[in-house]
Ligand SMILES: Cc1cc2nc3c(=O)[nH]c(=O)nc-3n(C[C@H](O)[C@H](O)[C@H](O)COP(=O)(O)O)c2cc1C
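Given next, in structure tokens, is a single chain: the form predicted on its own.
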Amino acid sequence: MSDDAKTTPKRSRDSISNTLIVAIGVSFVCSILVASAAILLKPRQLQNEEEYRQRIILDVAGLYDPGADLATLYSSIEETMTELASGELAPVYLVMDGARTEQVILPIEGAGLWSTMYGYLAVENDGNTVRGLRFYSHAETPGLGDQVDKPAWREQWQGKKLYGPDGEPQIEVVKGPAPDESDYQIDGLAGATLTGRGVSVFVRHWIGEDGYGPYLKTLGEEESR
């Protein structure tokens, strides 16, 4: 054996370069596994999101039954589009009783105190009477703004009127308790006045002339014929 061979040091398995190679290899394999899992699970994720959306729509319409088949329940919902004043097309969900529209579910969204709030508003076929309100996504303050999710608060919306005798939006969340005889007012959210005010503002927007107002007016006229 030559003197050079004898004096050349062997690379340590614990050297920095070996450690880096192993770390890079492990990271590469993990990234492949994560990416593969994301691709494989994407269809299931989309299906779960769609089923959740359908449950919320059925729930706000008062039609959801946890023990029933979701697809069967949702078959009573007809999805369509309507044109807003801006020219934008917006989705509308109709609850049908044969050829007759029983109620309509409208997607609504707007600013609360801390977040954009997303939900659905269900309206009777007179285009004026509220059947229900349900938010499915928001980040309002736990214990305060998230009172919008409480069944007792949501139930207050049932039977309320959206428009006054002049045809203008009148529905609102007030500060403090609403008068028992009021057709338009909902109890305020204790400690979350700004969240309640935000709900009033964007609900009125969506039922106004720039939102679904013309659609609801037409719906009410057709029902009254």
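Quick note: we count residues from 1 along the sequence shown, nothing fancier. The shown structure was predicted, so the numbers you read here are calculated from the model rather than taken from an experiment.
Keep in mind the form predicted together with the named molecule is missing from the figure; the text below concerns it.
Residues placing heavy atoms within 4.5 Å of the named molecule in the model of the complex fall in a single listed stretch, namely 190-198, out of 45-53, 190-198, 159-167, 64-72. Although the partner is absent from this view, W114 contacts the named molecule in the model of the complex, with a non-hydrogen atom inside 4.5 angstroms.
Heavy atoms of T82 never reach within 4.5 Å of the named molecule in the model of the complex, leaving it off the interface. In the model of the complex, no heavy atom of T129 sits within 4.5 Å of the named molecule. Proximity of T141 to the named molecule in the model of the complex falls within the 4.5 Å heavy atom cutoff.
Scanning 167-182 for heavy atoms within 4.5 Å of the named molecule in the model of the complex gives just one residue, K175.
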